[in-house]
Ligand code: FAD
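Consider the single chain below, provided in structure tokens and representing the form predicted on its own.
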Amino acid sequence: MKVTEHIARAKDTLISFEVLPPLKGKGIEALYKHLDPLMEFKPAFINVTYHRSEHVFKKRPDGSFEKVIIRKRPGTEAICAAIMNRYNVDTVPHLICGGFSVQETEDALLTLSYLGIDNVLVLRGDPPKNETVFEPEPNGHRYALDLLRQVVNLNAGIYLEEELKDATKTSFCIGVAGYPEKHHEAPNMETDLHFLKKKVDEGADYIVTQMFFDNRKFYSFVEKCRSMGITVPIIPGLKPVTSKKQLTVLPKTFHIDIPPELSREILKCKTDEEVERIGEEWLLEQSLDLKKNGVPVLHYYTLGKPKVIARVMKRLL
């Protein structure tokens, strides 16, 4: 079922989770162990992230270095199918521009369609590690909008091979990312929202936001979207703070603010276990407030902390 269909049929705020594919060598049981504690809360869908190839340099016996391409978390399409098979829940694979040509993207989309997956979240993706500027692959997409257009075309039966006649149409529900605190590469919020609206105008069916820790910023973002004529569902993305280190890592990595009230409480903590309890309480209060205000879905970035999310769910639902 499509994300938008879940939302249309829901009588209350839905729950969804986001997970990483297992690291190469870990096996899928590592993912099941992560998800098992969360499935009692009946998520409407589960997002699975997509990861580009990385370049690493391995030292040769002669002292020189060899450039090697690796993917640390491969198999998103298969992971989605495995989750659907094990838990009977819909999945939303991420699609990214970085590391993939347009032909590889089309092949991935067709694989997803053959597997019965009818949702995708379209993202540009980040630059490779140790690089500050995003550069597309040869014959790849530079912007998420271009990737969105490819999915829209495939939904219309338009393939890269133009000579294909009466080609089967796909039927993907397309999500895109929104940034309540502005994408860090956008010069201002107005410009950021302009391109978000362009994505919606060209076929995006819903928006899921970057994590945030101040609900007022989410409500302001939604209000600005609505004033621009963006009417699709807007899903808030949420994550707990679970260590003191994250006070610097999260703002640096995701370009978001930590509210002063939250940072003050965390700085009083002597252990990460204490921080985890503070983060859990903050996430619960965020969730209760958002639910009270009628958001369509509460989307949790579970990355590495499913037990914290599970404790919040037990108190929320």
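Residue indices: 1-based, along the sequence shown. Everything quoted here is computed from the prediction, not taken from an experiment.
There is another form of the same protein, the form predicted in complex with the ligand; it is not shown, and what comes next is about it.
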query	finding
The ligand in the model of the complex: contacting segment from 112-120, 180-188, 80-88, 221-229, heavy atom within 4.5 Å	180-188
4.5 Å heavy atom contact, Tyr159 to the ligand in the model of the complex	no
Contact test in the model of the complex: Val151 vs the ligand, heavy atoms, 4.5 Å	no
Heavy atom of Asn215 within 4.5 Å of the ligand in the model of the complex	no
Contact flag, Glu106 vs the ligand in the model of the complex, heavy atom cut 4.5 Å	no
One residue of Ile234, Cys173, Val200, Ala144 in contact with the ligand, assessed in the model of the complex (non-hydrogen atom, 4.5 angstroms)	Ala144
